[in-house]
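Only one chain is given next, in structure tokens, and it is the form predicted on its own.
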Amino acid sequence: MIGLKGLWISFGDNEVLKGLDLNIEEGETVVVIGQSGCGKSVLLKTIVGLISPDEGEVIIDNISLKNISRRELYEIRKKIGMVFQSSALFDSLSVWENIGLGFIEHFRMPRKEIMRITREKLMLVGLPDVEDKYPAELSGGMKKRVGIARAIAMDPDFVLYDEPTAGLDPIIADRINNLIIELQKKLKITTIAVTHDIISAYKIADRIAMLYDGKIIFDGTPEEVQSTDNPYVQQFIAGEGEGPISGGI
């Protein structure tokens, strides 16, 4: 599991997280929703140890990231796959090199074995026979799938998605949602996604948590989100410009 306890993070005078608490249980899919700029991506970076909280702690598989060594942090990161909003593929590398980058950088593994793993992961995301292509030759949806293949290349226990459907048309976005669900079931992974796409959240989530003003102000099932009388959640899911959170938009 992942436990986030009392996280406070500031950048100068800008307080982004203000005592945030959230637990993610093994095998579930938790989606964190919230306005653009509310700190969702900061939250993901904190989970993987790219940002250290000013106060509070992140606990992964009963190990606190507080005061651990760099080597211990690297070992924990091996359990985590990250899918970036823009896919973050290296244009100068082929698809197989992008997916196998972790093996290339950190392990003395034969190219043949890296290629085998690459093809296996590409099959899982529905992209056979593209390993020799370059990112410029791929559509936006294909790039997203390659990003997902890279995230699962080292068989992680956790996969984090940063705005997985951003920039995609509704049909491709739905295919990505279906892929997230399929991989969670096939690979038995714990999934955390951050998004402002409420349709995506409804589809993939076991639980939805809303981040507002640096804290989780609501945490419940998709059905509970749709029936809640919380005015902040209601305004967000309705997409209305006027309401209790309009000042932050």
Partner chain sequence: MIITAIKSFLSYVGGVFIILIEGVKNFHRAPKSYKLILSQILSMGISSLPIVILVSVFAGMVTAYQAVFQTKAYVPELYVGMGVAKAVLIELGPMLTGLIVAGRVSSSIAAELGTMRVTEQIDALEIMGIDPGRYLVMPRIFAGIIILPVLTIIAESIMIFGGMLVTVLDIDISLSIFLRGVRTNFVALELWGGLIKSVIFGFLIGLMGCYHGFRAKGGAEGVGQATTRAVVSSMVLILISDYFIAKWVF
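Residue numbers count along the first chain shown, from 1. Each form is matched to the other, and the largest set of C-alpha atoms that superpose within 1.5 Å is called the rigid core. These numbers come from a predicted model, not from an experiment.
What comes next is about the form predicted together with its partner chain, which does not appear here.
- Checked against its partner chain in the predicted complex, the residues 82, 142, 114, 173 give one hit for a heavy atom within 4.5 Å, which is 82.
- Of the listed positions (217, 50, 68, 199), a single one reaches within 4.5 angstroms of its partner chain by any non-hydrogen atom in the predicted complex, namely 50.
- A residue is said to contact a partner when one of its heavy atoms sits within 4.5 Å of a partner heavy atom; residue 165 fails this definition for its partner chain in the predicted complex, lying far away.
- By the criterion of a heavy atom within 4.5 Å, residue 74 is counted among the residues contacting its partner chain in the predicted complex.
- Its partner chain is not drawn, but in the predicted complex it has a heavy atom within 4.5 Å of residue 45.
- Its partner chain is not shown here, but in the predicted complex it comes within 4.5 Å of a heavy atom of residue 150.
- Interface residues of 94-108, taken as those with a heavy atom within 4.5 Å of its partner chain in the predicted complex (partner not displayed): 98, 101, 102, 105, 106, 108, in sequence order.
- Core-aligned CA deviation for residue 132 between the shown form and the other one: less than 2 Å.
- The rigid-core alignment places the CA of residue 105 2 Å or more apart between the shown form and the other one.
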